[in-house]
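Below are two forms of the same protein chain, given as structure tokens: structure 1, then structure 2.
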Structure 1
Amino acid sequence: MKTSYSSKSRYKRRILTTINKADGSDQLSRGFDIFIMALIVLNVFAVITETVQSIQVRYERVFYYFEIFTVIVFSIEYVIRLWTCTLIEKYRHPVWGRLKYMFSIEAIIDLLAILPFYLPLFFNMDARVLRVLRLFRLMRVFKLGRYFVAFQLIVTVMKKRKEELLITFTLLVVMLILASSLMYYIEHEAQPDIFTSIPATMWWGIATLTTVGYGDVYPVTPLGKLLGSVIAILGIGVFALPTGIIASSFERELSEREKNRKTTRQHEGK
């Protein structure tokens, strides 16, 4: 597939390979990857620590300039990606290809990572909306998905086991509804302020069936305790199903990949 590019095209391709995940020994590309990943991790760290009052007051300016720096870098990255995407086969068309790229999950995540900064500059927003927008900065963590195989793996596993997960999820919801409804009818009279309605009782249901058991809600009547015991024993099995399915699929996926890698290595005579 050797093609001859104009010097501009060659320049463009060099940029594309640089900003994409480094494949082998491309030092510049690797450096760029590490720079972006470090920036993402630092951003997540900033969003988290910023909520600590004492730190926020002290380093307000640092956080501010860091945010601006981040947005500039991520904006440039976004523009470059949009410019170079035409080199990829399926986004080849200069207009429709770019539009198609803009609606890929990858590009949407990239956009959501910078949009919360630009929006308040153009629109009037009240404090509430601004707070939600700040939260959206956490979307930046998903930009890591490009570099980490872990995220792609979990998506693969979930796609493969879609049907099983759907089945167990249905069971789980039915179990939760039945358990909470029964408990509501039994405990409502004894604790009308806590077991106010079936949706409210579901909070107890979740805490019990996941075995978290905060202890803010629990039955007090003998019948309620009896039911709670039966539900705990029966229901935990149902709630453990998706966990078991994901865990075993995940492991099988990983061991298959390892096997493939070994086979490939043997073929390469290594």
Structure 2
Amino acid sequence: MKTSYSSKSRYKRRILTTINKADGSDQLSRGFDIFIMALIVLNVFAVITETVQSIQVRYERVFYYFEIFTVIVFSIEYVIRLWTCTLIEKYRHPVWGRLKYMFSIEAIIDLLAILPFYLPLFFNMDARVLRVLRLFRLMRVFKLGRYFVAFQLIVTVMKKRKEELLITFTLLVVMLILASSLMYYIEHEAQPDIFTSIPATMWWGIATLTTVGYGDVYPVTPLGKLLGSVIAILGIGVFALPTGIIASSFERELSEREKNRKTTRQHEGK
């Protein structure tokens, strides 16, 4: 009985090793990684090309069967990851561990990759909702995060600098509210059909703070032009803050990783 349990455990661990990112020597795991990555890339390509009506009409059945194949593969992968996650220390409890895993970022991304296919089977939805759900298939590109260092690096940087980024985001929101409110009261009488309310004026605020300046909404009064100029200049500084934080964090993280690699090589050399 103990031998049977041990064999099952080894079998389960082998499956977990295969579906996780390959360490370089495991050819089966590497083959699985390549297969999943290729499937994700093809899915993104299919979602994009489907929007070309002539291609969609001509290859409608191909797109349909490819989507079914993809959902089957990703569904099996999701179930297997849910089954084997108890071998990971933080998910080792057979019930609560799996529930905890289901709410992890990776598991949520895996679920969102297949959910748009299943929802219309159980719920009646109008065409607009179905179009949005089809667009959600692009979430599958985030599954590549398991296999590319770049994705993992972005997540690490965002986690480490979340407090600084939250502060800059709060500052941006405060500036947007203040600028839009002031501009509304300055320009409302001169352009009542354009600056109809503070929420409507926020479109001008976003375009000005980001220095995009679409030109569809703009002040015409001297005071409004003065305020618009000040907000545009301040916007450059406000958006430079998160850019600087993220850039310096990337540089620091890359330097630390390079230092760790060098330390590992030195230890291996000894």
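Definition used throughout: the rigid core is the maximal C-alpha set that superposes within 1.5 Å between two forms. When a residue number appears, read it as a position in the sequence of structure 1, where counting begins at 1. Quick caveat, the model's predicted, so the values are computed rather than measured.
It is structure 2 that shows the chain in the form predicted on its own. Taking the rigid core as fixed, one finds a CA shift for residue 252 of 2 Å or more between structures 1 and 2. Core-superposed comparison between structures 1 and 2: the C-alpha position of residue 112 differs by less than 2 Å.
Once both forms are fitted on their rigid core, the CA atom of residue 89 lies less than 2 Å apart between structures 1 and 2.
Note on residue 157: its Cα is shifted 3.1 Å between structures 1 and 2, core used for superposition. Fit the two forms on the rigid core and the C-alpha of residue 189 turns out 9.0 Å off between structures 1 and 2.
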